[in-house]
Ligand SMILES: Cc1cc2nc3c(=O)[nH]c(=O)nc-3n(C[C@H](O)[C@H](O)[C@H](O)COP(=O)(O)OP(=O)(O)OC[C@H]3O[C@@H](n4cnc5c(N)ncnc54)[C@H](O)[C@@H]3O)c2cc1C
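In the block that follows, a single chain appears as structure tokens, in the form predicted alone.
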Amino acid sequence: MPNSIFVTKNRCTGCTSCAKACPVSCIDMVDRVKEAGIPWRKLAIIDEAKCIFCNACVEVCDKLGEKSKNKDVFHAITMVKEKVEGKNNVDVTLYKNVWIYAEMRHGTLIPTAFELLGLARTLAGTLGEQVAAVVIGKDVGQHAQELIAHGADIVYVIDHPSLENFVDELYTQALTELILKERPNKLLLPASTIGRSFGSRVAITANTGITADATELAIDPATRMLHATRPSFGGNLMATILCEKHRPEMATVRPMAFPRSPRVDGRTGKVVNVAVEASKWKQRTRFVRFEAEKGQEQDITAAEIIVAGGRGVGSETGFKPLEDLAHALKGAVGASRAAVDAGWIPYRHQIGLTGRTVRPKLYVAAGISGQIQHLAGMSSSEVIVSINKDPECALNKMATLSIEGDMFEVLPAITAEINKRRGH
């Protein structure tokens, strides 16, 4: 029996607590059809196609029921999870190898796969196990050798025309079937839009746990368990998550948090072409079309040069000299959390524990003091230039080159010199 979830109508008060608790917004409050003896106007409706079966709605509704004096209301949501044979009391000795999911996007292998392979080799080395990569899509077998060259010992190729474009349900079923058959010990996915989207579905379907957006991973030699660390409470604390009783231990890994594994020409490995029976898969959603995001801004996670501003920028217009320098250097514009929280620049530019992790060749920081949360997101930059009036600030002290001065004087001067040398 597949996972299912439903609402008992006569117990639902339409209080909206479940909808607020849902992390994927799959619960809607709709107007009730009038029924005798039911005074409430709204009813919770759950979209099973979007539900990740995380139990958040059940917990909040049950808590309200425990507090309520009226025992005929709340406890309104029931979740039934698919039973997977042999998974409730897992014999961890039956599970081996460290797997990574190699993300494909529009026919292109995404470089986060090489970051995960480098990390997986480190983890597998501690365990004395092999590294395997899983690639899903249409005509994706051509990328197997590239994954082997970057560190994979085994590449599982799940190739089928129905997998040409990413669809949560299909990719989840394809990967889960392989997991249940091959029994990997650990599984790492990129904390990208795709990885985050179906990683949690895979964990639920495979009856295991997952740590989201991990920034540090290590193996405890004594227990052979994965210690996955991620920021918590807005980056003020770091939480280490363990999955003791279920396998595989899963984590989505923040892009750019780890270096890419080097390519080794001539490296050999095993390619396994996985048999696909797509007709057995349940599909309630379909891919319609892809529309690229409009705008010319460069993604900071892929940029080799970043010019970032913090509280010292002072206002939204204060980012203009940073944008001018970034344009002159053909780089991207970044920001600290303080600048984003102030509403001066959109969240997609935020760098740090609660934003993006970056690893550019050149990182220019203007008006950023260097809070630990920000440093954690950019400290792996090859060259760091800090511009700040305070010579004692943390970022000035750790920078490759520190400039004590007013950013509104220094940045235009640097930009003008660059344009002058280029004959602009």
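These figures come from a predicted structure and were not determined experimentally. Residue positions are given as counts along the sequence shown, with the first one as 1.
Separately, the form predicted together with this ligand exists; it is not shown, and the next lines address it.
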The listed residue (Cys61, Cys393, Ile384, Ile46) that reaches within 4.5 Å of this ligand in the model of the complex by any heavy atom is Cys393
Would you kindly say which of Gln350, Gln173, Thr211, Asn185 lies with a heavy atom within 4.5 Å of this ligand in the model of the complex?
-> Gln350
May I ask you to state whether Gly312 is within 4.5 Å of this ligand in the model of the complex, using heavy atom distances?
-> yes
With a 4.5 Å heavy atom cut-off, would you call His150 a contact of this ligand in the model of the complex?
-> no
Heavy atom of Ile179 within 4.5 Å of this ligand in the model of the complex = no
Is Arg337 one of the residues lying within 4.5 Å of this ligand in the model of the complex, judged by heavy atom distances?
-> yes
Sort through 22-30, 35-43, 65-73, 368-376 and report the only stretch with a non-hydrogen atom within 4.5 Å of this ligand in the model of the complex.
-> 368-376
Contact set, 389-423 vs this ligand in the model of the complex - heavy atom within 4.5 angstroms = Lys389, Asp390, Cys393, Gly405, Asp406, Met407, Phe408
